[in-house]
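One chain is shown next in C-alpha cells, namely the form predicted alone.
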Amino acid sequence: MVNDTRAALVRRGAIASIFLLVAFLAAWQWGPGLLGVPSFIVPPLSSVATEFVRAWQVYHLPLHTGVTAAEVLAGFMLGSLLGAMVGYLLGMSPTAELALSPYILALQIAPKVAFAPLFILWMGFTVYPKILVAILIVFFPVMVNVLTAVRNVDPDLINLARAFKASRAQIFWRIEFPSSMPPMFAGLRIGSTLAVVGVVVGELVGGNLGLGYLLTFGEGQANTPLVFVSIVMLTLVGGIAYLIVILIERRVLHYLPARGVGRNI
C-alpha cells in the first residue's frame, strides 16, 4: 500500500514536471513576441535552437563544453578532497581548528572573483587558474559539513570505543568517518554546482576555450542566442555533475532510509 502510494505520487510529480517544462518552452517560444520583447533581448526558443546547431558546427561547441566539463570535474574532485581532509583534521584536533580557522575563514570571505586575475597572472591563460578558482569555491562547503559532522558525533560512542581499547584510527574509521558521510554528501551536492560557477568565473576573466569564453564571445558579437546557448550548456554541465553526486550518494549510503516522495506515508 505504501509503495503504491509512493509510486502514484512519483508519477504525478513527473507528469507535473513535464507539464511545467512544456509550458516553459512554449512561453519561451511565443512569450517574447506576444509581449513585444525584442529578439536581441530575449530570443525565441527556435532562434536559440538554430544558434545551437550553428555553434556546434562553427564555434566548436562540443570542444568548449568538454573543456569546461573537464575543468569542473577536476576542480570539484580536488576541492572536495581537500575540503574533506581539512574538515576531518579540524574535527579531530581542536588545536588545529583553533589555529587554522581564522585563516580559512579569511580565505572564504575574500571574493573568489578577485583570485581569478591573480591566478591568470601566475599561470597564464591555461586551465589551471579555472581549476584553482573552482577548488576555492568547492572547498569551504565540503569542509564545513565534514567538520560539523565530526564535531556532532555522539561522544558516548567514542567513549564506549575507548573503553574497549579502540585505537584512534579505529575510532575514526568505525565511528567518525561513517557518521560524517551523509553531511559530506550534502556538501558535495552544493560543491558540484559551485564548481561550475568557479570555472566560469575563471573563463570569463581570461581564456580562449570553454563555455565561459564562448559566452563572452557571444556578448562581444551581440549574439544573444549564442549567450543563451552557453548558459543552457553550463546548466546542463552543472546538472549532470549534481546528478552524478546523487547517484554516488545512493550507492554509498544505500543503508540509509529512502528520502523519496512520500517517505512518511
Partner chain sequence: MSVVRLEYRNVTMRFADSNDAGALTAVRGVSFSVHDAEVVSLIGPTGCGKSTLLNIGSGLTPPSEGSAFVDGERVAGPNAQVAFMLQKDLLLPWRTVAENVTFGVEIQGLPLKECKRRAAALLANFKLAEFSGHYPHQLSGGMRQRVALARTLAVDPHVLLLDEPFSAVDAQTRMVLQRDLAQTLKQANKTALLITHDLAEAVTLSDRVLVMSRRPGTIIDEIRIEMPQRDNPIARRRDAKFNDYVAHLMDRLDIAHVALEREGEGAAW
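Small disclaimer: the values here were computed from a predicted structure and weren't measured. Residue numbers count along the first chain shown, from 1.
What comes next is about the form predicted in complex with its partner chain, which is not displayed.
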Which residue, S179, T193, Q108, T148, is the contact with its partner chain in the predicted bound form, using a 4.5 Å heavy atom cutoff?
S179
Quick one: is T126 in contact with its partner chain in the predicted bound form, heavy atoms, 4.5 Å cut-off?
no
Look up in the predicted bound form whether Q170 has a non-hydrogen atom within 4.5 angstroms of its partner chain, and give yes or no.
yes
Should L157 be classed as touching its partner chain in the predicted bound form when contacts are defined as heavy atoms within 4.5 Å?
yes
I'd like to know if M77 sits close to its partner chain in the predicted bound form, meaning any non-hydrogen atom pair within 4.5 angstroms.
no
Based on heavy atom distances of at most 4.5 Å to its partner chain in the predicted bound form, which listed stretch, 68-76, 161-169, 185-193, 135-143, is the contact stretch?
161-169
